[in-house]
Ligand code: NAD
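One chain follows as structure tokens, the form predicted on its own.
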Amino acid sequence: MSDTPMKIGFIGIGNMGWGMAANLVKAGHQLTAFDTDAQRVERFARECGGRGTTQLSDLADAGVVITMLPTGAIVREVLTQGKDDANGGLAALLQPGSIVVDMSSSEPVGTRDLGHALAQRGIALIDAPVSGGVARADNGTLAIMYGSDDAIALERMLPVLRAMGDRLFATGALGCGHAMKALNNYVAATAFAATSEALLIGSRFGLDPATMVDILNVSTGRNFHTDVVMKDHVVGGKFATGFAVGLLAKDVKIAADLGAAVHQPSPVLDLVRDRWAYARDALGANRDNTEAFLAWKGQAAQ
């Protein structure tokens, strides 16, 4: 039970958001979960507690609003109805002194623009994207990387963040959390692409993919994907990590756009962006990200 329960509106109870919101209820917060899927919010309230709604106006009295949505553009639309100011959307209903915590994987430059717009209404914005997958969202052990320009708002939110994650990292000013998340996912996407290519080459030469993964895991090629993903989801054909290929392609593009914005030449990043865009377009954005292996395998057979 939290020492300081808060009234929280949680927007987006998808694969990740469900467990995160449930842990806030467990921590003693008064939570209203919003989603456009009426059956899902009803089931959340029934199974996890709190309240479910499909009306953004039901979050107007929340002192804290947390967003866990697919893109930064959707976050901005929910808060401002897609405008450049905060005169529409949920932001127009929130009271000055409210805090918005965007835990989505959003564009860092856009986050800073949104923070400026919300500040005109006296609303603080914190970016706090997460890493760890669905299992760690469910058990409250996510890694959370946060950025903020408002030390007072951040201090108020740290206990809330700790209810969802056990590894919290201060990354700097507003937008730095989203920048770090995109760069992390770029590195992860690169490791998956490189490992996939190694398995495809090795298989064509006559190596056994399962043996290759075992060797990589005791050698210098070891990475998260060889350790956790490849055996079950690629070699084993499960392809069910719960993270869509379209979302990973989006995150890598965010990293590439950030590199361009700061004028840092990043040829490897540009190539990895294109590889994941190819997989997304070949498969469809909603397929599991590990199925990119199949897209690249099919490309090689052409």
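The structure displayed is predicted, hence computed values, not measured ones. Numbering starts at 1 and follows the sequence shown.
There is another form of the same protein, the form predicted together with the named molecule; it is not shown, and what comes next is about it.
Comparing 232-240, 271-279, 257-265, 32-40 against the named molecule in the predicted bound form, the single stretch with non-hydrogen atoms within 4.5 angstroms of it is 32-40. Mapping the unseen interface onto this chain, S105 counts among the residues with a heavy atom inside 4.5 Å of the named molecule in the predicted bound form. Put simply, L24 is far from the named molecule in the predicted bound form: not one heavy atom of it is within 4.5 Å.
Interface residue remark: C48 is not counted as part of the site for the named molecule in the predicted bound form, having no heavy atom within 4.5 Å. Put simply, V101 is far from the named molecule in the predicted bound form: not one heavy atom of it is within 4.5 Å. Within 4.5 angstroms of the named molecule in the predicted bound form, the stretch 8-26 places a non-hydrogen atom from each of I11, G12, I13, G14, N15, M16, G17, taken in sequence order.
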